[in-house]
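The chain that follows stands alone, in the form predicted on its own, written as C-alpha cells.
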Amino acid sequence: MDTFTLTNQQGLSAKITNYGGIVMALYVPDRSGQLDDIVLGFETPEEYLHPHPYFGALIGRFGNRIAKGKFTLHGIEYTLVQNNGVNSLHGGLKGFDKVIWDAKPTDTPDGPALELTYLSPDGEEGYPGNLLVKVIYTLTQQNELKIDYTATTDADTVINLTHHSYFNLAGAGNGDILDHELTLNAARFTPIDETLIPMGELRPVAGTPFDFSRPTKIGLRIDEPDEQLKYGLGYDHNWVLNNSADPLTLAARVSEPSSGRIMEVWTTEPGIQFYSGNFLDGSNIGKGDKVYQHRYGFCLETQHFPDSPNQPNFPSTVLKASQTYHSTTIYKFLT
C-alpha cells in the first residue's frame, strides 16, 4: 500500500492511498484561513484493513444496493453476495474499496493529480465482463477535489461508481453534523422499503422532511415521525437531481456556520445519495484518537439510482462492450 499527497497552490492538500482509492485526509481552510482535515478516517493505510463504513473509499462495481443480490441482463440472472441484510451493497464483500489500485501521480494544467487503474476480472463478485477502470483525482487550483471515472468492458455489464467520503466541515471528529445547512438541487427522491431498496417511485420532496431545496439544517427534521426516516434511521436516500442543460450539474451545497466552510458538489450523475451518518456508533477511533460518534459525518455520493438493474424505469446502468463509461464529480470548497 502506498500513500500520495496532492497539494495545490492555495495550500489545500489531499492524502490518498492506492488501497481502495481512499481519501485519508483533506485539508481545507476555514474563513480565517485555518486548515483543517474535514474527512473522517484513520492515520495509516493499514488501519483501513479492519472493518469500517467505507471511509473515503472508491465504490464499485456497483455503488449502493442491489435487491436480494440478483439482477438479470440479456436474460441471464447474475447472483451477487448479500452483504447488507438480504441485499448486495457497494460491490460486495471485496469491492473496489478493498483492492490495490495501480497508482501514478501526475501534474496537470488544472493541478496535481493521482491516476488510479484497476482491472476487475470477469466474474469478480458475480459481475460479468472484464472491467478496466481508471479514476483520476485532481486537486485543482480552484480548490476543488475533482474525480473523473472512466471504464470499458469486454462484455455487457452494469456499473455505478461513486466516492464515499464522510465530511464534517467543522473538522473530522469535531462533533455532529446536524447544524450543517444543506441544499439539494432535487425536487424528487426515491422512497425505500424497510430493506432500503427503492420502491420504483419518484416522490416529490415538497412538504416532506426530504425537502432541501432551500438551505436547511440537517438536524431540523431528522427525527420527525416519518416512515422514510424510520426506514433509513435518518437520511439514507437517493435524491433525483433536477435536469440541467449542462452535463455538469450543481447537485448539493453545504455550509458550516462555525468555520464558514462551504462545499459544493457538482456532477454528471442523475442522482445523489445523502447519508447522515446514522450507523456511526463510536466504534471507530479515528485520526487524533477522536471517536466517530452517531452522525459525526455525512456522505454525498453522486450516483445512478440504487437497484437500477432491477428497476426498468430508472436511468440505465448497463455498460455495453462497445461503450466507454465516463462520469465526473467535483467537490468544491469555498468560505
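Position 1 is the first residue in the sequence shown; the rest follow in order. Computed from a predicted structure; not experimentally measured.
Another form, the form predicted together with a small molecule, is not on view; read the next lines as being about it.
- For the chain shown alone, H180 is not a contact residue for the small molecule in the predicted complex, no non-hydrogen atom being within 4.5 angstroms.
- Looking at I262, you'd find every heavy atom of it more than 4.5 angstroms from the small molecule in the predicted complex.
- Mapping the unseen interface onto this chain, A186 falls outside it, with no heavy atom inside 4.5 Å of the small molecule in the predicted complex.
- Though the partner is left out of this view, Y54 does reach within 4.5 Å of the small molecule in the predicted complex, counting heavy atoms only.
- The putative spot formed by R65, Y166 and Q273 is fully lined by the small molecule in the predicted complex; each residue has a non-hydrogen atom within 4.5 angstroms of it.
- For the small molecule in the predicted complex, the listed stretch (254 to 262, 139 to 147, 86 to 94, 71 to 79) containing residues with heavy atoms inside 4.5 Å is 86 to 94.
- Interface residue among E115, D236, D176, E124, judged by heavy atoms within 4.5 Å of the small molecule in the predicted complex: D236.
- Proximity to the small molecule in the predicted complex, taken as a non-hydrogen atom within 4.5 angstroms, holds for one residue of V240, V99, L196, I218, which is L196.
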